[in-house]
Ligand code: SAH
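First, one chain by itself in structure tokens, the form predicted alone.
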Amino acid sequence: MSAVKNIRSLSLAELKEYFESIGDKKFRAIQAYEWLWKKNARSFDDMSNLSLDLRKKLAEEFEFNTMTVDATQHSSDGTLKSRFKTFDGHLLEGVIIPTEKRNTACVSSQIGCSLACKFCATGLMDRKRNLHFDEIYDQVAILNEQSEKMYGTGITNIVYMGMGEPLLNYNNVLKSIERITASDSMAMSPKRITVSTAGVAKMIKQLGDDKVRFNLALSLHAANDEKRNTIMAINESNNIAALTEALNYFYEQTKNDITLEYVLLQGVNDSVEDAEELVKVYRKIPTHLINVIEFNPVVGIPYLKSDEDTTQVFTDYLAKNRVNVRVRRSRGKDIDAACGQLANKNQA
């Protein structure tokens, strides 16, 4: 085994093979595996039912690079934001959004983002690197522990809507979901997991080919290519027609829920004409819901939130045209934890 091998990259079968190779028993592998994925150990020292000598040997032969909490902030509305630090010193953020019926964890898939969507704070950052699958898992495990401590119950849902574009870190995102949903780990239902994408048509089709079992959300934000090009550069290579085709293919292959996300920007995409175009897109996609999202102000971004009257007229038009629409009110604005605000801003 390589001295720099990540122990969490090993399957249970590979762990058993390793323990046999050093003259130990197979059941030690089961014990170690439980610490890695069931008990959420943060270091080899935590594996208390393994001997000190064995823990020392594991530490010499493997990496165990866990995430740590660098800072936390509590919103007046109950939202909790954590800034995490990776083993190599990078920072990223995750959020818990509690409601009466559910506690949702919003997790990041990349450190920064390369897409530079004009209305998003993360888009102002450079992408440093992708997160490894076990780093994404760590976010979920830590947020679950925080949820149990803060709210008396663990997380019930997960959304990959934090920093980064999940489909540009495809393999790690799918591997993290495999671990989160595995019976020997957190055993969360994939139906309680939603992956959000700015729209990478090729990878949406790949999700269909891979017959994934989780739900998908498309960050649409404009219903014609001209407007979408101006606020989301990715549309120039993944236009609405390509995304429509990809989403239909995804649904044909999986029958999983698809949500359209639409952030209202004052004077940009919030007119009745915009709503009319959105209805036309909605009709072409097997989506079950449009989430209309309040824009959250970000320093350095020129857009403004649509006023309440405009929002009401926009959503009323959708509803009258038999669109299943919901206004997603911002949570955690006072701690920069709301949609589009995650940017590792200095925290107290």
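This structure is a prediction, so every number in the text was calculated from the model and none was measured. Residue indices: 1-based, along the sequence shown.
One more form of this protein, predicted together with S-adenosyl-L-homocysteine, exists but is not displayed; see below.
Mapping the unseen interface onto this chain, N296 counts among the residues with a heavy atom inside 4.5 Å of S-adenosyl-L-homocysteine in the model of the complex. Of the heavy atoms in Q139, none are within 4.5 Å of S-adenosyl-L-homocysteine in the model of the complex.
The shortest heavy atom separation between K81 and S-adenosyl-L-homocysteine in the model of the complex exceeds 4.5 Å. Contact annotation: E261 falls within 4.5 Å of S-adenosyl-L-homocysteine in the model of the complex, judged by heavy atom distances. Contact with S-adenosyl-L-homocysteine, judged by heavy atoms within 4.5 Å in the model of the complex, is confined among 172-180, 116-124, 148-156, 81-89 to 116-124. Contact check at 4.5 Å (heavy atoms) against S-adenosyl-L-homocysteine in the model of the complex: none of D270, S306 and T315 pass.
Screening I96, L247, A198, L278 for any heavy atom within 4.5 Å of S-adenosyl-L-homocysteine in the model of the complex leaves a single hit, A198. In the model of the complex, S-adenosyl-L-homocysteine lies within 4.5 angstroms of at least one heavy atom of each of the following residues of 145-166: Y160, M161, G162, G164, E165, P166, in sequence order.
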